[in-house]
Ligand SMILES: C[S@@+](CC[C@H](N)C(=O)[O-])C[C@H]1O[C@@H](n2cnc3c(N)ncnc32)[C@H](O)[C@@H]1O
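Just one chain is shown here, as structure tokens, and it is the form predicted alone.
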């Protein structure tokens, strides 16, 4: 197969750029060359369901490149709206306090939310996860981006903070994962997907955390509203770029 034929395939340009260590302009100028045999091996692996992000151990999120590996949730573009909302809230709160806010990023996974918050705010950020593999990836990403974050291995969180942010497991148990290589523990949140979300909220009340931003599923607005109505709080759901509910911002007290 010639390069010009591979460029017509999905992910063709990206794979060749990585394999040959060349940019897209070089590929078009040399499109009569044969593709390396590794190209076919990679394409076959992708067609079998293996994520391309794991093959090259990189993923782009919020305009930045991050390290990723098998067994850790791959960040999705939909989560960027949660990050934007969190950054706005944190900067407003820090300005009001005239000092650094303490922020917890619960269920941090690869650490992308915590890192973007650390890069775009003056907050003191703590990131937690129950998975040592996820924390290993998150620590490496924090080092790559030159930000100071305190990482803790624990179930959800164990301390007070000004603001809590989380992209927890919220997929209903009956849903099929997009692939078999990302961990179940990062996806599934019970029969209605809200088991861990509810636990996070109850724990936030216990630790008197006033401000929470959570990513949730588009079909969970009604169920979560019914749960939140038992607390003295205000809450607002917000949508992703596709117009679907993607998160909720909660204010206690």
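As the structure is a prediction and not an experimental result, all values here were calculated from the model. Numbering follows the first chain given and starts at 1.
Just so it is clear, the following notes concern the form predicted together with the named molecule, a form of the same protein that is not shown.
A.B. asks: Among the candidate residues 134, 164, 117, 101, which is the single one with a non-hydrogen atom no more than 4.5 Å from the named molecule in the predicted bound form?
C.D. replies: Comparing distances to the named molecule in the predicted bound form, the residue within 4.5 Å is 134.
A.B. asks: Find the only residue in 27, 42, 196, 35 having a heavy atom within 4.5 Å of the named molecule in the predicted bound form.
C.D. replies: Contact residue from the list: 196.
A.B. asks: Within 4.5 Å, heavy atoms only, one stretch in 50 to 58, 184 to 192, 27 to 35, 224 to 232 touches the named molecule in the predicted bound form. Which?
C.D. replies: Within 4.5 Å of the partner lies stretch 184 to 192.
A.B. asks: Honest question, do 113, 154 and 169 all end up within 4.5 Å of the named molecule in the predicted bound form by heavy atom distance?
C.D. replies: Heavy-atom distance to the named molecule in the predicted bound form: all three under 4.5 Å.
A.B. asks: For residue 130, is any heavy atom within 4.5 Å of the named molecule in the predicted bound form, or not?
C.D. replies: So residue 130 counts as contacting the named molecule.
A.B. asks: How about residue 79: is it within 4.5 Å of the named molecule in the predicted bound form, going by heavy atoms?
C.D. replies: Contact with the named molecule, yes.
A.B. asks: Would residue 123 count as a contact of the named molecule in the predicted bound form, using a 4.5 angstroms cut-off between non-hydrogen atoms?
C.D. replies: Taking the distances in the predicted bound form, the answer for residue 123 is no, it never comes within 4.5 Å of the named molecule.
A.B. asks: With a 4.5 Å heavy atom cut-off, would you call residue 73 a contact of the named molecule in the predicted bound form?
C.D. replies: Judged by the heavy-atom cut-off of 4.5 Å, residue 73 is in contact with the named molecule in the predicted bound form.
A.B. asks: Output the sequence-ordered list of residues from 42 to 65 with at least one heavy atom within 4.5 Å of the named molecule in the predicted bound form.
C.D. replies: Residues within 4.5 Å: none in this stretch.
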